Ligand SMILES: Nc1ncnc2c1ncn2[C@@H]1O[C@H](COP(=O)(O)OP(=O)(O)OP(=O)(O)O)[C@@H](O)[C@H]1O
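Taking the form predicted on its own, here's one chain by itself in C-alpha cells.
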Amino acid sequence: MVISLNLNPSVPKLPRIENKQAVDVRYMLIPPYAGAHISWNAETNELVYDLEEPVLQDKEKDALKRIENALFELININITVENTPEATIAYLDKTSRLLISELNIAISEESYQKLFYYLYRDFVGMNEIEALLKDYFIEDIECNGIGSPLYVIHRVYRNIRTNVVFHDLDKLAGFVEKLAQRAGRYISYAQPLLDGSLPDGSRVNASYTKDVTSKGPTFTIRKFTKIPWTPTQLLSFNSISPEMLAYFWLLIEHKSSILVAGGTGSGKTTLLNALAFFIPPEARVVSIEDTREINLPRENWLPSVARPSVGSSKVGEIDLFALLKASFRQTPDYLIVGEVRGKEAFVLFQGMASGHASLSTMHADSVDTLIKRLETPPIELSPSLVNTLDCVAVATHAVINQKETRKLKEIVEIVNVNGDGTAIVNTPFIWDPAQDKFFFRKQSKVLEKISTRTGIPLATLQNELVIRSKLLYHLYQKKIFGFEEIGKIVNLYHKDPAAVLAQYPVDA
C-alpha cells in the first residue's frame, strides 16, 4: 500500500475577518492527517489554534508504542533524514511493516496509515511541532516550559494560544536535545543555552534546565520564509506606501546605503527582503547573516552565513566580522548584512565610505537611538563614518483598530552627524498613527545628493519617483504579488522602462 502523507499541500487563502469572534477556519497541514482549526474561545475570550491529529484507540496506541520501541533499537534515523523525503518515507514504511510482521501486531491498513503519521512525525519530523512547522502562516513557535501551552505568531491572526502542551520534563528536555542535534549544536547542563539554525533555515533559541528557566526547558523557533514578501504584498498589508517603495527603488538603483531599524518582530528582515527586489539585475550581491533569512530573486548573489564555534574554545568559528572583511574581496556591487550588532559595523561603514552600497538592519526604535548605538560601545563609530549612511527606515509593530500590524513609521535621511554625536536629519516620509495614513514631503536631501553625484536633474528624479510609485500601486491593484513575477517586472524596468509602462500604463 502507498503511504498517503502529503508533505507539500497547497497554501489556502485565509479570510481576513475584522471581528475575531467570527473567526472559524480550518485548513490542512499534513493531509490527510493533520490540520489546523482557528476559532474564538468564548470562555477565555481569545482566538485559539487547535492542532487536529488522528485520534488513536487504545489498541492502536499500544501498537504504536511497541513499533516505536523496536524502531529506536533498529534504525539510525540520522541517515534517513539526510535523504529525500520520499526515500525517508519509503525507508520508514518498509522498516515499520517488517517490525509489525515480526512482532505479530494485528492492525488494519487504515490503522497503520494513522500510526505511520505519528512514526513519521516523531522519528523523521520534529515531534509534536512537526505540523506547526509545516504551517505556511506560522512565523514563530514559542514554548515557555512544562505545562504551558505553545503559542504561535500567525501571519493573519497574529499571537494565538495552541492546544499543544508538553507535560513531561524529560520529554521536553529530550525534544530540546533533538533541536540541538538538528541544528548541529550541543546543549547540556554545562551549556544550557542553544542558538542555532534548523536544516530548513529556521532560527532556534532554547534553554535546557530549570536553573536557567524556572518552568524547565524552553524553545522559540522563528521560521525561515522560503518565499519572502514582495513589495506589492507589503502594499496590500498597508505596511508601507507606494511613494516610500518608489523612493527606496531610486535610492537602491543609485547605490545609496540604507539601514532598517526597529524592535523585535517589527518586520525589519521582511522589509529588507522586499527592498532587495530593487537591486539592478546585473549587480553582484553579497549577503552576510547569522541565520539565513534573506532570499533574493536573482542569480548573481553570494549568500554567506556565519558558522558557530565547536565547544567553548571558539575553534572553527567564522563570525560576521570575518565574513564581512572577506566580502570586500568578492567585488560586491551591493552588500547586505542581516543585522549589525558589534564590531562588524566598523567594516560595514568603512565599505559605505569607499562606495559600496549597503543594506542592513539594526535593533533601535528611533534614529536617535540608532546613532547612539553606533557611536557607543561595543560599536564606537566616529561621526564621520556615520555620515556615510544615507537614510534610516524605522519599522514598528502597531495596533490599529484593535488589529496588530506592522508599519514603516518613518524614513529619515542623515544630513550630517556633528562631532558631538548630534545629527541633522530630514524626514521625507512619515506614518501618522492617528489617521493611519502615510505622508510624503517632496524635499529629499538624498535625491539632491544623487542629483549632484550623477548629474541627473532633481526634477527628473522626482518625476521618476511619481511614475514608479504609480506603477507599484497599479501592480498592487492588479493583484500582482508573485515572487518571480514582481522580480521580472522590476528587472525589466531597469533595462526597458517604456516596455513595462506600455504593459502596465500609468498616468504621467
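This structure is a prediction, so every number in the text was calculated from the model and none was measured. Rigid core here is just the name for the largest C-alpha set that superposes within 1.5 Å across the two forms. Residue numbers here begin at 1 and follow the sequence given.
Just so it is clear, the following notes concern the form predicted together with the named molecule, a form of the same protein that is not shown.
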**Asked** Quick one: in the predicted bound form, does every one of 139, 268 and 293 get a heavy atom within 4.5 Å of the named molecule?
**Response** yes
**Asked** Among 342-350, 258-266, 172-180, 88-96, which stretch sits within 4.5 Å of the named molecule in the predicted bound form, heavy atoms only?
**Response** 258-266
**Prompt:** Which residue among 229, 117, 219, 123 has a heavy atom within 4.5 angstroms of the named molecule in the predicted bound form?
**Reply:** 229
**Prompt:** Which of 207, 388, 239, 113 has a heavy atom within 4.5 Å of the named molecule in the predicted bound form?
**Reply:** 239
**Request:** Report yes if any heavy atom of residue 234 sits within 4.5 Å of a heavy atom of the named molecule in the predicted bound form; otherwise report no.
**Result:** yes
**Asked** Any chance residue 203 has a heavy atom within 4.5 Å of the named molecule in the predicted bound form?
**Response** yes
**Request:** Classify residue 406 as contacting or not contacting the named molecule in the predicted bound form by the rule of any non-hydrogen atom within 4.5 angstroms, answering yes or no.
**Result:** yes
**Asked** Does the distance between the two CA positions of residue 16 reach 2 Å or more between this form and the one not shown, the core being superposed?
**Response** yes
